[in-house]
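Starting off, we have a lone chain in the form predicted alone, written out as C-alpha cells.
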Amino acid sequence: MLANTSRHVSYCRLCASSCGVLVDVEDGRIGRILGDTQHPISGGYTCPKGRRGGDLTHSPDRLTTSLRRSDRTHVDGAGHVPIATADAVRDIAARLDEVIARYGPDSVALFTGTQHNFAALTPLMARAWFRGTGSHKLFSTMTIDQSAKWVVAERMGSYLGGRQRIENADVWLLAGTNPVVSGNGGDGDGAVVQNPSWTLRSARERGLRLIVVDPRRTETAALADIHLTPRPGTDAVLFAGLLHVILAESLHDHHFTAQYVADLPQLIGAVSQVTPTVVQRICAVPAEQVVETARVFAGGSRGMATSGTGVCMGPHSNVAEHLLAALNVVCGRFLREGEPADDRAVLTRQVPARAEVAPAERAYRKGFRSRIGGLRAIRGELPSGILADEILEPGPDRVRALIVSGGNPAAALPDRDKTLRALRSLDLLVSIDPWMSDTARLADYVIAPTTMYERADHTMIMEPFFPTPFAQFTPAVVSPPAGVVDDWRFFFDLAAASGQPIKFAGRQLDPGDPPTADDLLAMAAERGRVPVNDLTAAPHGRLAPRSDAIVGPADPDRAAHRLTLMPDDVAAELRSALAETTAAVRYPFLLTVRRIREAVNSTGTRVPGLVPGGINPVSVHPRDLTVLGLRDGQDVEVRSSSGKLRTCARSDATLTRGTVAITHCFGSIDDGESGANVNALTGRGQGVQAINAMPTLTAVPVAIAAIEDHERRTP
C-alpha cells in the first residue's frame, strides 16, 4: 500500500449480503476494495460489483450536483441544468403543495426501489415524509418481483414460532433463485446470502442435501444433489406434485399439521390428481425424479423450501408460492415451543416468538382501494403493476406527481412503452439517483445523493439476512462532493419545506434543528440490545451473544388459530394452472429472466468493463440455435405478443431446450430496440395475477429470428 494511501474498514451496501470490505483511499478517492477477511460473516468474500465500488462513486457519469429540467419538451436526458439541492427542495415542495391543493393528496405517489433499502435511514425518513402528504399511493419494487409472498401470508396466515435455518438443516430446496450469483436464497430467511458458494459447499460437506428448482443449470444448481428443470411457468404444478407424493405416502408431520392446520383434507383433495405422471406431462420433470425429490425433502429432519424472484415473477405465481409454503407447513419445518428462538435482532427490537398462528387476514380486502381494477393496498403498498395506469387513466385522484427513491421504474416496470409514456406525462417527476438512469433522464428534478462510502450507516435493516446475530457500523470513508445530499436528508428537508410534521423513531423532529446522521442512526436502533456507540469500537462488526430466548407457548386467546392451506381461491388457481396449455406455434420459446454477478438490477450495468462485453444477449441452447439457423453472436430480434427487442444470440448449454434467457434492467431509452430491455417483451398481454396485479415477467412466450443485413442498415 502506498504511503499516502489510507485503509478503512467498512461494508458494501449494494445488496442484502452487506459483505465486509477494506477500502483503500488515496487523495480522497477510493482505489482498491478488498474483502475483509476479519469480517465475522462474509469472511473476505466480495463479488465483482462490490470490488468496483470505487467506480460507482467516482465514475465520470456520477452526478455531483442536483439537476433541474430547463424546459418541458421532454427530449429525454436533454435540457437539465445544475441546481442547488436546497433550491430544488423548495421548488419541489411548492409544486407538490400546488398539486395536492388542486387535486388532493392521492395525486402524489412515492416509488421506492432496491437501492432505497440499503441505507438504514432512507426508508424510515421517506415513510415519514410520505405519511405527511396524506397520500395512499405508495409503490415499490417488492410488488414487481416478490409480492406473492405477501399474498401467501394474507391467505394462509403465518406461524409465529420462527422458521428453521440452513445452519443446522439437513435438507434445503431453493426454487427460482441462484444465490451463488445473486446472494439471495429466500425471503429474509438467511439462506445462502453471505459467501454463498462456500456456504453451500460447507453445508453439503456436513451432510445437507440440496435441491434446486430452475430451468437452467445455474451456478447454484451445479452444486445440488438434485436439480429439477421444470418447463418455465409450471412451478405451481411441480410443487403440487411434491405435496401429492408427501401426503399420499404419509410422509408429512402429523403432529404439526394436526396442531396448526385447519384444512389438511382440502389440501390432500386438491393435489390428489397431481400425480408424478401429471407433473411429468406438464412440467417435463421425470415422474421418478418427482417421487425421489419429495421423499428426500420430507425425509430430512430440518430444512425448508425457499424461493427467490423466479417463482414470484412467473405465471400462477400466487398459487406457486402458496404451495411452496405449504411444503414447509406439511413437513413441520418451523421452530417449536421450547426450542431456542431466532435471535438475530441486534439493533432492532426482538419480537417474542410464540408457537401460535397469526390467521389469514386477507387485509387486501380492507385496505385503500385503487380505481384501477378495484385493487387494494397490501401492507400499505399498491401493486407497481398498476402504476402506469394510475398515472395515465383519467380520474380525480390520477397520479400527477411521482417521487422515485433508489429505483428505476422506467427500466424495471412491465410494458416498457406504456411505462415511458406514463412517466413522460407526469406534471412532476423527481428521481433520487447518483446516475442519469432512464428514470432520471425523464425527471423534472434529479436529486444527487451520496453513495454508500460517503455516508455513515449501520446494518439494522439487513439483520433478517444474516446467519447469526451480527451488527456493524461504518463511518463515511470518503467525503462526498459538495453538491450532493444524503437521501434521508432530502426527505427531511422536503417535509420541512412543506410544513409537514416529521416523526422518526417515535420522536417529533424539529425542522429548525436538523439531526445528524449519527443522531438518527442511534435513534433508529435504540430498542436493540447493542448500543450503536458500542459498535464504533468494533470496526469489523460485532457478533452479538446468543440470547436465552426460547419459543414460548401460544397465547390462550390465540391457541385455536390455524393455517389455511387450500382455501377456495387457491384451489381455483391450482385448477387453472393444471388446465393451461401453451400454444407454441407463433412463440415457440419461453423467456426467463436471469441475474448476473456484475449488476444489481440496473446498478452496475453501465460501469465500463464490469459487465462482460457490456451487452445483454439472449441466451439460447446451442441445439436450438442450430434449429433456428443462427450462430453464436449473431444479431437477432426477439418478439412476444407485447413487443420486440434487438440483441445478439449467445449459445448457452446450461439452458433446457425451448428456454431462453435475458438479464433484466438493461438497455436505455436512447438505444431503441437495440437496448435489450426485457420489459419491451412484457405487458398485460401475458396476464396478471389477481389480488396483487403481478404481471408475468418470466416464462414469457417469445420467438427469435435473425436480423437481416438490410434491416441492420435501415435507420
Ligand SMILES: Nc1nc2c(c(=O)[nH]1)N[C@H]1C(S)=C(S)[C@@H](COP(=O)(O)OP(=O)(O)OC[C@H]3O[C@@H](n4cnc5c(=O)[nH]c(N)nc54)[C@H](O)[C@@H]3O)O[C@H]1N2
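All residue numbers are counted from 1 along the displayed sequence. On a predicted model such as this, the values are computed, not experimentally measured, just so you know.
Same protein, other form: the form predicted together with this ligand, not shown, and the subject of what follows.
Contact with this ligand in the predicted complex, defined as a heavy atom within 4.5 Å, holds for exactly one of G303, G157, G113, G385, namely G113. The contact with this ligand in the predicted complex, taken as any heavy atom within 4.5 Å, belongs to D433 out of D433, D493, E356, E390. Segments offered: 80-88, 442-450, 247-255, 499-507. Contacting this ligand in the predicted complex at heavy atom distances within 4.5 Å is 442-450. This ligand is not drawn, but in the predicted complex it has a heavy atom within 4.5 Å of D214. Using a 4.5 angstroms threshold between heavy atoms, S66 stays clear of this ligand in the predicted complex. When contacts are judged by a 4.5 Å heavy atom cut-off, T474 does not count as touching this ligand in the predicted complex.
In the predicted complex, no heavy atom of E321 sits within 4.5 Å of this ligand. Contacts between 278-315 and this ligand, taken as any heavy atom within 4.5 Å in the predicted complex, involve G308, T309, G310, V311, M313.
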